[in-house]
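Heads up, the chain shows up twice below as structure tokens, two forms, tagged structure 1 and structure 2.
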Structure 1
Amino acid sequence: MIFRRSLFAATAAVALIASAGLAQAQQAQAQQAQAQQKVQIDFWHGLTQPLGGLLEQIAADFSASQPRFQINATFRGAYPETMVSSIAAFRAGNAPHIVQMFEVGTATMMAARGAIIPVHELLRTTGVAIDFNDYIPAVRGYYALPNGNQMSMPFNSSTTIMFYNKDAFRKAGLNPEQAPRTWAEMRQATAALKASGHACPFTTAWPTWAQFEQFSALHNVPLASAQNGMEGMNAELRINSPLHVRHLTTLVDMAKDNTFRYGGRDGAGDALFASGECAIIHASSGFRARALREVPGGAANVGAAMLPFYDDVAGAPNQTIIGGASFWVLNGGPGRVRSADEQRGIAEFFAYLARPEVAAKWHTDTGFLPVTRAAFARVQATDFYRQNPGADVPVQQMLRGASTENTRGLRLGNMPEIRVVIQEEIERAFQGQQTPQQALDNAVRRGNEILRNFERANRS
């Protein structure tokens, strides 16, 4: 009897679930049918969670805000993988409409005429207007031709700043509200941290980005000739200048007396600060969210400050450059041009991204820069910066000093490969296998070979 009843209950439950499932499927089908009437636009991005989810939400919000276009945002691995897979997809003739590309892929994309639709052309053919004059110059300039023509859509931009552990500063007898401003003060502060028993006073994430690319802009010296490659593909690296050698010597000396620890390539150094092991780090402003969450002691224990500089260098400190990514419009494949409808949808999506409320929300949610002045003003009007001290450091660092040919950005072909070469050579210097001068001479020689290869493969 009991068995029978439970059997009946089970059957009922199964029937119920099945009908619920059916209803759900019908609903999904209806949604799909509706979505199919919309123009489908594929968008590949390279942001991991939680950032990727926030980006997909923006795409979903746009799709819901109008009836004609549907943006399908999908994660395709980190930036380098997204770049490689979208290029492979283009070669195979099924590229996404929009791809998010990190800043150092800019030169490669710009050289790919025929594969990309420049944003300024897209806006002209579709008649959609975006006011790029409102964008922060360093953000806009990185993705524009020297004549001002916008090539890609700036979106998530960051810069390098300094984070420090306030507890460690207190223990070392340093003022936790006053970060070192110059490299001389850095040496003093790290020595005090070491004396107080801290095993790792200072590390850096993104060694080439933070200590060479940003360093050059901060001191208003060129990283490469031809205005950092903006002027043409014939650029040559300039990182074996006396100032660059001086800086690498500083880092090598600090590594020798254990006030600096090389934390590894790319973002590997982040973990050393997040765990509380290192007291100071130079890292992406986008690292902020992770630092606040993971550093022992939480938000109250994390200080943010601008990057230190050599105060005897004329012109320092100048503004820094950006990192991050922008959105590129791709044709479907060789000879497969986008339809007018598709172009219209892409352009309207970009216009949506430029809205102050969208850009401002992205900034406050993620820690990336507010890319337009209107978005920055919008956030300033709230009490966000009062509640989140240090969140405006990257913006102020970007707007300090003057916009010069050294701060507009970098446009070097095969830049990811060049970054690896620089890291390889400075690692040899940290191991004591070569002097800082030799390291940077080698990096320049090898980097220039890469640049010439790029020039060769992309001529005509």
Structure 2
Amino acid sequence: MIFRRSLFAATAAVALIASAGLAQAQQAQAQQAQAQQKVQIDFWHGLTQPLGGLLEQIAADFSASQPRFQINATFRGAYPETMVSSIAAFRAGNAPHIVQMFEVGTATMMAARGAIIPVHELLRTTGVAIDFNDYIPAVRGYYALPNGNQMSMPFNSSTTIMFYNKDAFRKAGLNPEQAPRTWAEMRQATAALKASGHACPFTTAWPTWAQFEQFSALHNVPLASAQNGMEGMNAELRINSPLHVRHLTTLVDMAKDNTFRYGGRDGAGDALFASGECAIIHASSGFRARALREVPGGAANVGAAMLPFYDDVAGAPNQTIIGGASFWVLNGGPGRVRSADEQRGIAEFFAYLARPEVAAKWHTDTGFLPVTRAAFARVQATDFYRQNPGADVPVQQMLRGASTENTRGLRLGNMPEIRVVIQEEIERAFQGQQTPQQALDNAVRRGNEILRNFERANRS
């Protein structure tokens, strides 16, 4: 009898579990069916973890906040790979609705007339309103035409700052609360780190962005003519100036004495600091989320400071320029215009991104800039900056100095290709195959050829 009761109880329990499992499965199927009934909007991005996961969560939160639209956010490789794959997808007739494009792809995207739907046209067509006057001018202007018409949706804007390992500073006898301010102090600090046994005192991520593009703005010198390309496609590179040659010479000399390690192209250098291998890095302010998570010792061991400068250069230090990316709206392919529902969904998603609470949370979670005044004010009203020393460094650096034609940003055609050229030439200098002057002369010559090709291909 006891056996039968136990058997009956066990059978009932199994049935109950199966019933609960079936209910959960049915609920999941119902949720999936509901999501599939929404207007589907594909969104390709180029952010690795943890940033990619945070961005995908924003897309998921928007999708859950309303019943009409589903944003399907997927990682498509780093920024250059995302750019190439989205162009190929457009030509094949299956482009994503939204693509995240890094800032140096702006000129290329603006020239892709039939492929894109400018944001100002999208908002006019759909009747959705976004107050771009609330956006930080340096952010808004980078992705707008001279008349102020917004071409893409600003989102993850960053600037280059300096991160340093406080524990490495302590072991070298350096003040862990005081980073080097000038390049002379950088030489002293990296020498002390080397003497303490640190094998990699200093590295850089995004070498062309950090050591040439940001360097130029910081010292208020042009990277290119025609206001860095903002005035038109006839721009020519200016990175073989005496100051640029001086700076590359500094880096080459530091590489020779093992106080600087070239970490590789684009964002490859990030891993060297995240692992604790290198003590100082110049990197995107958006690197903060990864640094806090991965650097041995955690957040208490990560210092943040403004970029160093040459203090004998008149006007330095000035403000830096933005990096990061914006969101571009693509048609499906040649002759494939987006439907009214698709355009409305994209516009509603962009309006969601502009909300102060969304922009503020993205800033505090990642280290990217608060792109609107309302978002910045929202964070200032909290204890976030007091509780997270250094989190306001990129904002303060962007507000320092004066806004000039050298700090508005860049609009150079095929800039990603130009970056590759610059990296190739400076790598030869680091390898001792040519002098810094020869490297930058070659980079200017080859880069100008790319600019002229772009100009010929896109002249109306």
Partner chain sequence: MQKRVIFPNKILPYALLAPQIAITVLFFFLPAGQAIWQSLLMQDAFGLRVEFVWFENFARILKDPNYLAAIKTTVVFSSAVTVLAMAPALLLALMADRQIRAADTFKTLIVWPYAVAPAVAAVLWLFMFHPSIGVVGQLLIQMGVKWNYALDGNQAMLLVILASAWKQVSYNFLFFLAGLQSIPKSILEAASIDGASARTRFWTVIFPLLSPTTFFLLVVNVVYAFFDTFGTIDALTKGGPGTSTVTLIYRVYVDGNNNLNFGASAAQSVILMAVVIALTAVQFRYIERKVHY
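Reference numbering: structure 1, starting with residue 1. Here the structure is a predicted model, which is why all the values come from computation and not from measurement. Between two forms, the rigid core is defined as the largest C-alpha subset superposing within 1.5 Å.
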query	finding
Number assigned to the form predicted in complex with the partner chain in this pair	1
Between structure 1 and structure 2, rigid part identical for residue 436 and residue 226	yes
Rigid-part reorientation between structure 1 and structure 2, C-alpha based, degrees	13
Following rigid core superposition, Cα shift of residue 350 between structure 1 and structure 2 in Å	3.2
Residue 126: CA movement between structure 1 and structure 2 [superposed on rigid core, Å]	5.2
